[in-house]
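Shown here is one chain on its own, the form predicted on its own, set out as structure tokens.
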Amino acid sequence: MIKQAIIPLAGLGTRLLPLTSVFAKELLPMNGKPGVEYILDECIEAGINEVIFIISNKKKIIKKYFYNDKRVIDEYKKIKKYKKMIKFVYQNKPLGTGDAVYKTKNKIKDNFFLMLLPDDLIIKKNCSKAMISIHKKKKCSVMASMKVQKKTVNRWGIYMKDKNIDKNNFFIKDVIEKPNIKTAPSNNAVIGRYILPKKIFGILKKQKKGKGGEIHITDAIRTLIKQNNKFIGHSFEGKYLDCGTMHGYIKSSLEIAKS
């Protein structure tokens, strides 16, 4: 059973400047609620009971938010519930998502864990809950998938599909980080929800830096696939919101307010 989730929060949020020059992007409000709380609520509804936040010394405001008890009572009760399930680890050098994941190696107890990227919100249907359901049936890793425009595939990790399981799930043959538009194996993109095996830490320990001088989680996943570890792509039914840019943040806020 998947009971732990990790959420990388150490990024500097440069695409949301000037707001992030004084405030963590994950705490920016959307319809009166910090973005990270939507991610936490998704975790709770999916049955997660421990969440590991990966922050940096520059993002201590996130920890302070959950430990500031001087609030009105209803708000405090909610934060108190979150606080009980959150642990913190630090990534003080921005070396990529793979490096962020590796920082949690001593916290993960079970054979599989959930990872959620906070820039990717999925509303109306709980993607994590659906992924945990398919994991329970197939006993392997699962990653969220969404079709994107072919001209934009070089912005994403892209799947090479193996065979379909059903209308919403398929086995993954390969995954490529930001492929060339002409050579991309599909337009099925990786979205920020992953159920990963604990054995990925052994891969990340030895992994060299990839594109942009960062350690990419996608490269570690490719290694696991080549070692015949099964990975499933899950085409989720919820609505995807990209909160990582100023345009996306504003658009997402308006979309949540409507829903």
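Residue numbers run from 1 along the displayed sequence. Here the structure is a predicted model, which is why all the values come from computation and not from measurement.
The same protein also has a form predicted in complex with a small molecule, omitted here; what follows describes it.
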property: Partner proximity in the predicted bound form: M30 to the small molecule, non-hydrogen atom cutoff 4.5 Å; result: no
property: I191 within 4.5 Å of the small molecule in the predicted bound form, heavy atoms; result: yes
property: Exercise: D99 in contact with the small molecule in the predicted bound form, heavy atom 4.5 Å; result: no
property: 4.5 Å heavy atom contact, W156 and the small molecule in the predicted bound form; result: yes
property: One residue of L117, A130, A184, I122 in contact with the small molecule, assessed in the predicted bound form (non-hydrogen atom, 4.5 angstroms); result: L117
property: Listed residue that, although the small molecule is not shown, lies within 4.5 Å of it in the predicted bound form (heavy atoms), from K138, K178, K173, K107; result: K178
property: Per-stretch contact check against the small molecule in the predicted bound form, the hit in 222 to 230, 192 to 200, 51 to 59, 35 to 43 (non-hydrogen atom, 4.5 angstroms); result: 192 to 200
